[in-house]
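Okay, here we've got a single chain as structure tokens, the form predicted alone, with questions on binding and movement later.
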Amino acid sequence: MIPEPIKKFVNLIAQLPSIGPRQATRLAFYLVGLGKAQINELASAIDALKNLRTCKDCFFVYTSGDALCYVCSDARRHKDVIMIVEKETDLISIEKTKKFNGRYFVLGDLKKNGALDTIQKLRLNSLKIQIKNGGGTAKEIILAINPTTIGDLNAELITRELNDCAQKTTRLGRGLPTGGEIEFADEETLSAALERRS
């Protein structure tokens, strides 16, 4: 009954975060209704994603031919102040505040079981090596981890992992509501949280 291209679309899209089979099916029929021109435009935008690169220092994505992303290659930023974020969208939200002039480090989605996965441990090891090669210790490592019970547990794990890597380790101030997510916080709340970090 359902055409094969829609079945294939639903199977692929339903694997994305926060989208289930029912919503993927609705999206498929919505896109069909838009017409070929807009479907081609969307397909082109998706195809362009394969050209993105991942920064070797912070693991953020970028498009230029440089070896580093725009933040890591900016000589005006403080290299010895590092903010660890969970997701790229967290980095974007904090960068919009224009209140942080250090560099970032994207750790990856933290699991709900309070344990770091293999990729996250490898990334943290990479950060340790960068800090060691940059002078031995960072001036400050800021943990921009969501203020939830699991976030607190993960922040403690990260702090232990990076124990000897910084003169001080801080967290964003609790201007962010407990249970909230950085990605959805407004710029004013993020600015206050950044200024009141502890």
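For every residue, the number given is its place in the sequence shown, counted from 1. Note that the structure is predicted; figures quoted are calculated from it, not measured.
The same protein also exists as the form predicted in complex with another copy of the chain; that form is not shown, yet it is the one meant from here on.
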(message) If the criterion is a non-hydrogen atom within 4.5 angstroms, does every one of 29, 40 and 46 touch another copy of the chain in the predicted complex?
(response) yes
(request) Choose from 124-132, 95-103, 110-118, 78-86 the stretch whose residues reach within 4.5 Å of another copy of the chain in the predicted complex, heavy atoms counted. (result) 95-103
(message) So, residue 61 and another copy of the chain: in the predicted complex, are they within 4.5 Å at any heavy atom pair?
(response) yes
(request) Determine whether any heavy atom of residue 13 comes within 4.5 Å of a heavy atom of another copy of the chain in the predicted complex, and answer yes or no. (result) yes
(request) Look up in the predicted complex whether residue 179 has a non-hydrogen atom within 4.5 angstroms of another copy of the chain, and give yes or no. (result) no
(request) With heavy atoms only and a cut-off of 4.5 Å, decide whether residue 189 touches another copy of the chain in the predicted complex. (result) no
(request) Pull the contact list for 1-22: residues with a heavy atom within 4.5 Å of another copy of the chain in the predicted complex, in sequence order. (result) 1, 2, 3, 5, 6, 9, 12, 13, 15, 16, 17, 18, 19
